[in-house]
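Two forms, one chain: they're shown below as structure tokens, one block per form, named structure 1 and structure 2.
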Structure 1
């Protein structure tokens, strides 16, 4: 969420900035509401002050054995007024809050303009897209032919957008998770964490999935307030919710492997073939909690940490910076890594690395004490390192041969018990 002070001081600026996202912020409506709020708050607080003073009076008078009936009479009038004002104030504050919660983050100045993914800007490329002297197959053809990728059984037991992996592919997915976690913990300085895969709505609010994106989540039936996580970002970033840490403890760097669950509401008909877009997929996620002045450097580091995985696997990719219209609700700036998929002859997203600056920290009240002893919001970042299901696809498609065998990338072989070809 944005700083309400900034909204009050310079709503025009916020409105202009949000226009880059094609988000319309109604300045007049906001200012009117805030004016109402201010009046209601002033009145309410004056009445509260009066109530407090009179109550104190009563206490003292009683102690001296004086009669307090007259003052108590006056109080009932004050209390009536107070109740009315409190109700009004709560209502206005609720309205302001609703507006505030719907406002996306301000974009960093370096984010390019543009409406949708067509306007994302490529910033770098690594490797050469694989060339084959035969017709490259996609992962579905490769996987189903050997009986290792089974959408039919998954559909029977769960429905569409699920998969069953068997034998070597199940093993390779596990190997990829292990491989990624090893690199991030041993070489990049992240602490591995194991976290709940069900979270409460406060956590989803903290990272920005609620209230606006409830329909993208899976909610658990029953008494309890629990939702399946759409990404490990939710439980891990929420470590910080309501916490104050000392500046010395920053940066905090966590990496977690979790399954991720997404309803994919609104993506009907999109990527219906194969494992690209599933309701459930594995992901290794990096999260950093840093000081404000360090967050944009940290974003570059997270991006390179994600790149390392693809480089070690020897798979071509490119990096794009998302344009204004494609950048997520909470993010100030996002890089996507797009991996080359020979089966589609396209680069497809395999990682998303974002700097949320203080947007999530405000929502979850996550602060640190700086060198001067002042409290400040931390900055939060996250990046996929990487989406494991899509990495599996990328390995399959880029390392296939004419017979439909899949060669295991050298870096992954130790994690596959030395097996070189599937």
Structure 2
């Protein structure tokens, strides 16, 4: 959520910045509503003061044995006016809040301009894309050949965009999770956390999925207000909701493995083959809570932490910074890691690392007390470290041989009981 004070002081600046995202902020509408709010608030405060004065006058008159009927009638008129103004004020404030909740974050100055993913800018590459002296198969062909990857059974029990993994592939997915968690906790300084996979609406609002992206979520039917998490970012970042921590406690660094659930609204026809785009998938997620002056350095750290996983697995990838039109609603700046998939002969996203600055913190009212005792909003960051299903795909396609066997990366072999080939 943007700072309402900034909107009031310089709405034209906000409007110009949001144009980079092709988002139109109606300055006139906002200013008119805010002026109405100001006037309603002034009238309400004046009527409250008048009501209090009348109440005091009635009390004094009664104590003196005077007739108070005339003053009571006057107070009744004041109360009627006050109620109407309070209703008007609440309505205008709600309209302002609704506008505020729909405004995306301001982009960092380093984010390149552009309309969509075609305008994202590559910043680095690591490794050479795999080349084979045979026609590379994609993960579907490799996995279905031995019945280790079963979309037919998944469709029977759940529907499209689900998968059943069996035998060696199920084991490799588990191995990848342990491998990622060990590196992030033992080498990168993250604290592992186990979190609920169901969250309430306040949590989704705090991290920006609600109200704007409700259709992208899975809501649980029943009496309780619960939703399936789209990513561990939601429960983990919400550790800070409504909290004040000492600046000495920052940074806070957490890592969690969870299943993730997404409706994939608007993705009809995209990536319908295989495991690239699923309603349910596994992910290891990194979250950092930091001081404002440290957040962009922390973004580089999270990006490096995610890159380490791919480097240890020996899989080629590239890093792109997302352009203005492709950057997510809450993010001020995002890097995507894109892994080489020889079965598709292209790079595909495997991790997003984002700095949300104080956008989520304002929604969650998450603060820290600085060295001078002042309260400030924290900055929040998150990054996939990594999306497990897509990492499984990358291993399968990059470590295949001509017979369709899948070789296990050396770094992963200890997690597979020493198995070298599937």
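What you see is a predicted model; the values in this text were computed from it and never measured. Throughout, rigid core stands for the largest set of C-alpha atoms superposing within 1.5 Å between the two forms. Positions refer to the first chain, counted from 1.
- Looking at both structures, it is structure 1 that matches the form predicted in complex with the RNA.
- For the candidates 354, 140, 85, 366, the hinge between rigid parts between structure 1 and structure 2 coincides with 85.
- Rotation of the smaller rigid part against the larger between structure 1 and structure 2, from C-alpha superpositions: 15 degrees.
- Superposed on the rigid core, the forms differ at residue 73: its CA is offset by 4.4 Å between structure 1 and structure 2.
- On a core-based overlay, residue 64 has a Cα shift of 8.7 Å between structure 1 and structure 2.
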